[in-house]
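Below you will find one chain, with nothing else, as structure tokens; this is the form predicted alone, and questions on how it binds or moves follow later.
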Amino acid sequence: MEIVVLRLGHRLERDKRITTHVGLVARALGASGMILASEDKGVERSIKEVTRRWGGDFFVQTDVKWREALKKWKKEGGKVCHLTMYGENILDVIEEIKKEAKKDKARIMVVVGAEKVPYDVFEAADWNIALSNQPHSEIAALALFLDYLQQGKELKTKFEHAKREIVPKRRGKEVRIRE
């Protein structure tokens, strides 16, 4: 299954850390990459540097025209999950989404907004999904959605080409460095 996150509404100075964290969560929890609907080379550099050090093949594309990206994704057979507090509760739709994700070469685009999301996104989405119908963090929504979708399997992922790897310990910290 291919999972790509489309980040909408990134405001350069205000959302730099939030968007970086959206990318880091997406990478750590099994997404293949993040498409950013604005240009922010700083966010792109940060996430690419993490990927270089900690492994994996996560990609970041910036300055993408989101309408075209959505249209192309759907035309190529991909499904779109929009995370929004206005959507259906995740518990009511997750089994349907997992069934879709089990298909051969399944492709899921997860749309994560920042400011007001255009109505076109609600219309284009196969699912508008809410963790809660209350205001909440897009980072938390993405993390929970990816976990529910993959049933926790992403938590044991080994990242290839890692120059750094944490050795899990009950106490203390240990990092293996391969440079």
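The numbering used is simple: start at 1 and walk along the sequence shown. Fair warning: this is a prediction, and the values are worked out from it, not measured in the lab.
There is another form of the same protein, the form predicted in complex with ligand SAM; it is not shown, and what comes next is about it.
- The stretch that touches ligand SAM in the model of the complex, counting heavy atoms within 4.5 Å, is 113-121, out of 47-55, 113-121, 28-36, 63-71.
- Taking the partner from elsewhere, G152 is found to have every heavy atom lying beyond 4.5 Å of ligand SAM in the model of the complex.
- Ligand SAM is not drawn, but in the model of the complex it has no heavy atom within 4.5 Å of L91.
- By the criterion of a heavy atom within 4.5 Å, I108 is excluded from the residues contacting ligand SAM in the model of the complex.
- Proximity of L146 to ligand SAM in the model of the complex falls outside the 4.5 Å heavy atom cutoff.
- Looking at 146-179, no residue comes within 4.5 Å of ligand SAM in the model of the complex, counting any heavy atom.
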